[in-house]
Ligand code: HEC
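Below, in structure tokens: the form predicted on its own, a single chain.
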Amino acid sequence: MTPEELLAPDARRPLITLLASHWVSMLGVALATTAGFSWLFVLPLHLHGSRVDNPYIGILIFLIIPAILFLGLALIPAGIFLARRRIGRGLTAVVDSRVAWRRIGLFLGLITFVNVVIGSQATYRAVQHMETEQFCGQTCHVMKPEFTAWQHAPHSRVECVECHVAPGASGWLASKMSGTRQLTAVVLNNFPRPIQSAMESNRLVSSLETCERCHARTGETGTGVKVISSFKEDEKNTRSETVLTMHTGGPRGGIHGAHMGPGIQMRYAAADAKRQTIPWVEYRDAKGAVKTFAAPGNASSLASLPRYEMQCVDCHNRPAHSFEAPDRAVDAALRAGELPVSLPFMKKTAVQLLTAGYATEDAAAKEIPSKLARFYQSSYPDVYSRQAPEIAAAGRTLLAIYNRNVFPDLKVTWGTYPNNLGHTDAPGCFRCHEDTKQIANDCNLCHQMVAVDEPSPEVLKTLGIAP
């Protein structure tokens, strides 16, 4: 076949000769084939059962693989066009049809073999890595606060996907779409700072599909004892204990029974995205009787607010990503011996240093330890001369507390993510249980205060609990 015949508008002329005549079109075939094989390896990993995988695999499935596929499909006609032009100019010899078919066959065979070997191993390993907490929390910088908090939470052995991806095809699709949107926001650098919680952005997965896979609401917890150790901001860091008996209960009573017992349904309206202001509550008991509690105000404005059905995460909203309050973090460190109680005004000074403003993490790393050392050098030089190593270690402990709770570049600071469990550091229970809505807020409904800020409560001696 002559060059003139190849360039003639003859529909019967085989394009295979042009396809095999330029490296660009061959590269397009290779990329399109690779993308196709990648789909064959990746998709079955997500369609094999009711449980889905990491939402960040949407990066691979919805962005990288399609990009490779479309690039390959675009290169094929581009290569054919370049081949026609080179042949027309006499720059390239015409490839015979049989040679072209042989070349394409060998090329596709080689690409197929390479894809099977590499795809079955590298792609599978890549997907496995993208299902890990390290990928979710460390590869994506914006998730650093949540990843850091998760490492110190009771659910640190639970994988991200167990709570953040709903079972079934709909949950899988929703997670991929959400992951793709989040990736786009990160690439364009227009993601919110601080990033929104799942509750704030309405990306909650039902507790029936997450929490209650392990924590059945039919379980009976009964009454427990809670001991809260705290230290005063005096020179001696005086320790005291608060002892509570918590009526956690279960399906037949207690805190859980009153809110999540059999047949009980609760709905509420929130006036803000974080759901910290709740002016309307509807309570339906097991017999179907309905009571409505509303804060004084315009009824029409209440009707326009979004309404939600109460579930576990309305109270347990930070089960795996709980951030500390500065004074409680210092109390915990003093109780654990990570901060020496023997240092004068340790509690007061530590809280002041933690809550001071620092522009960057590097600034905090320099100022927190150095300011702590200077305080004891100037105010207690004798103490500093005796306990310099302990003071240096205390500075490192304070910096560690700061680094797991405050992230200046992402605008995450103390109190950015309120914890609704209880009512000490955030409104918590009192979002609903307040006088204006006429909902009971008697302390003894949820707990009995056996001892309050006592140096050595007798009840702990009776129970054999060492403070």
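These numbers come from a predicted model, not from an experiment. All residue numbers refer to positions in the sequence shown, first residue = 1.
Just so it is clear, the following notes concern the form predicted in complex with this ligand, a form of the same protein that is not shown.
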query	finding
Close approach of Leu445 to this ligand in the predicted complex, 4.5 Å, heavy atom	yes
Touches this ligand in the predicted complex: Lys291 (any heavy atom, 4.5 Å)	yes
This ligand contact at Thr424 in the predicted complex, heavy atom, 4.5 Å	yes
Distance check, Pro154 to this ligand in the predicted complex, heavy atom within 4.5 Å	yes
Listed residue that, although this ligand is not shown, lies within 4.5 Å of it in the predicted complex (heavy atoms), from Glu159, Glu367, Glu361, Glu390	Glu159
Contacting member of Cys163, Ala83, Ala333, Leu343, with respect to this ligand in the predicted complex [4.5 Å, heavy atom]	Cys163
Segment assignment from 390-398, 276-284, 73-81, 295-303: heavy atom within 4.5 Å of this ligand in the predicted complex	276-284
Within 205-227, the residues that have a heavy atom no more than 4.5 Å from this ligand in the predicted complex	Thr210, Cys211, Glu212, Cys214, His215, Arg217, Thr221, Lys226
